[in-house]
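Encoded as structure tokens, the following chain is the form predicted on its own, with no partner shown.
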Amino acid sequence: MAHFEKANSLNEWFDQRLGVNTLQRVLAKEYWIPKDINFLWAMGMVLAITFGILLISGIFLLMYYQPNVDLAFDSVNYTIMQEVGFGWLWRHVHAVAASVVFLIIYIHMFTGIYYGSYKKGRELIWISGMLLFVAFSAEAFSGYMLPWGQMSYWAGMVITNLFSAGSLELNGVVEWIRGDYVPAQAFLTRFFMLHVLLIPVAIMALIGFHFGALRLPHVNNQNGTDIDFEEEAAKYKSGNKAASKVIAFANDFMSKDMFVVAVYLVFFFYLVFWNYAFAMDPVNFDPADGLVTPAHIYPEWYFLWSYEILRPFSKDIGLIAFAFAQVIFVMLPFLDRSPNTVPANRRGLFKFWFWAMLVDMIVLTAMGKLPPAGIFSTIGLVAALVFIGLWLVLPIITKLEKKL
């Protein structure tokens, strides 16, 4: 049995039994961050804070929400919004956070692409991050079903139909997912469970995995400098902090993170109080009606780019293109054949590839909101083909890149 001495403080008591000081040292005080980074590296902390906001606001909404097809719509739009004190505030907070979290995810993702934070040794950082993107997407979709409005119902109908796999007509799979021939009580109950329990647990596990994947290869820096973290950490611990190229996560880097978080929260609560409507689709303020199809069915803005890749093609080709778009970002560390881990502006053709991809995804997002008719249909088709083409040429242009 381990030998325990009398503890002189509560911290010492816990440290003897849980090793809290060792944990704090490994995860915070001796977790080293390069000095050469900018505010974009704080997006991970912003994401964690936003996830926390979603959890807290979700708990308050859960107290009054009714996961029943006859009661769900009224429980959200009348009970929570009109009868519960400050219920409107918690709904606005939850809706805005659910939308803004994807803006931060996309900034975080394209920052990683621009600075090569997925290159050799950091593959698991990127893959765990993309798994988090998938989990957040599933969480957002499941949550979109819960108000049981018109767009909730019909978005659920369209997305679950994708699992029929086009001409394979796997309708049994679709019915199994829904629990019925059409979205109904079993469908709502299942997505309620996914939204409030299973997916949040998966997200928390993936956040731990993502943070753990950073521990050995460490955070990348904006110049792509190859840092000897042990040597630089030794300088820091010896008191020569000015000469060291790294700083401790706690409390040096954390203080910078918190400043960015504070600025973000000003922007966030500005949206909550004055511009929350962007996060609430007006069509979804009509109760779900399986007999009345909306004139134009579309997902939330953060899914529009992948939705637009699906729309311009025939059923089978569209599904293949859609599936391609869902998995291709995960493959980025293996498709980029360049030996250079430097910012995109120093990487020849990759610089043009990066900006072309960013602009193309913005165009796809804009087109996804518009009806697929006339010039909009043509632009959407071209943007979808450009997206696929950019990924196909990536291994070629990076293979030709000279080592810097």
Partner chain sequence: MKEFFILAVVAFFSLVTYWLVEPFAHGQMHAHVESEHFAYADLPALEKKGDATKGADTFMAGGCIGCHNVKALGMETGMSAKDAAAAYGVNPPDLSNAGAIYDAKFLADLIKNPAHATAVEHKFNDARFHPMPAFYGAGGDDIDQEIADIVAYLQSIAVKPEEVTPEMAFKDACGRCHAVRYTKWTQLGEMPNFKHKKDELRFQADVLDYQDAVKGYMGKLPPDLSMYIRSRSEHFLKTFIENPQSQLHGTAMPRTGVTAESAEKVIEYLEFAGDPKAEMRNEVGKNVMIFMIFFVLFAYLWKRQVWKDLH
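Predicted model only: the values in this text are computed from it and were never measured. Positions refer to the first chain, counted from 1.
Separately, the form predicted in complex with its partner chain exists; it is not shown, and the next lines address it.
In plain terms, the part of the chain that comes close to its partner chain in the predicted complex, with a heavy atom within 4.5 Å, is 255-263 out of 189-197, 255-263, 124-132, 309-317. Put simply, Glu175 is far from its partner chain in the predicted complex: not one heavy atom of it is within 4.5 Å. Its partner chain is not shown here, and in the predicted complex it never comes within 4.5 Å of any heavy atom of Ala98. Under a 4.5 angstroms non-hydrogen atom cutoff, its partner chain in the predicted complex has His296 among its neighbouring residues.
In the predicted complex, its partner chain lies farther than 4.5 Å from every heavy atom of Thr378.
Of the candidates Ile227, Leu162, Leu304, Ala323, Leu304 is the one whose heavy atoms come within 4.5 Å of its partner chain in the predicted complex; the others do not.
Contact annotation: of the candidates Ser238, Ser167, Asn171, Asn251, the single residue with a non-hydrogen atom within 4.5 angstroms of its partner chain in the predicted complex is Asn251. For the partner-free chain shown, Phe73, Asp74, Asn77, Tyr78, Met81, Gln82, Phe86, Trp88, His92 of 68-94 come within 4.5 angstroms of its partner chain in the predicted complex, judged by any non-hydrogen atom.
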